[in-house]
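Take a look at this single chain in structure tokens; it is the form predicted on its own.
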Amino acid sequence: MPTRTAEQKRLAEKAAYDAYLAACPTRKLLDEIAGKWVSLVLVALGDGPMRYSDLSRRIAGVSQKMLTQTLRVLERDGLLHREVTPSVPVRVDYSLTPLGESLRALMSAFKDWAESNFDEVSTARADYDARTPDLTIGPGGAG
């Protein structure tokens, strides 16, 4: 029986991922990248490298704790690069890696869809709430 090449093994392992299975590691990755702060940070960094304070101003409502946490997760996952420039004060810039850029394109499409279709979704929600007043879903949605 012929031995499999490293590429064949890699492809076989990749094919074995199934996010519908609770134990699949891609489920955790989907959970991480599906957060609103992740999508907004990735889309904001699509405009080019930014400092922490620039990101904080750009993404209204994000707390310091959540922005820091989000940046660390994205760096750990290889989606962004953190560059420290020694100066007084120290300068830290964040930029997307090629992997992060590939995800940014998808997140940007989600953001654009939400902005383009919010009125229709809002109308559908109001219609639903009017039909089923005791089953109203809270502002966080059904997630």
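Source: prediction; values computed, not measured. Counting begins at 1, following the sequence as shown.
Quick note: we don't show the form predicted in complex with a further copy of the same chain, though the next part is all about it.
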- Item | Contact flag, D93 vs a further copy of the same chain in the predicted complex, heavy atom cut 4.5 Å | no
- Task: Considering only heavy atoms, tell me if E32 and a further copy of the same chain come within 4.5 Å of each other in the predicted complex.
- Result: yes
- Task: Please check if E83 has a heavy atom lying within 4.5 Å of any heavy atom of a further copy of the same chain in the predicted complex.
- Result: no
- Quick one: is A124 in contact with a further copy of the same chain in the predicted complex, heavy atoms, 4.5 Å cut-off? yes
- Message: Just to make sure I understand: among 24 to 48, which residues lie within 4.5 Å of a further copy of the same chain in the predicted complex, judging by heavy atoms?
- Response: P25, T26, R27, K28, L29, L30, E32, I33, A34, G35, K36, W37, S39, L40
- Message: What direction does the F118-L67 Cα distance move in the predicted complex compared with the shown chain, closer or farther, given a change of 3 Å or more?
- Response: farther
- Look at the CA atoms of R57 and F110: state whether they lie closer or farther apart in the predicted complex than in this form, given a difference of 3 Å or more. farther
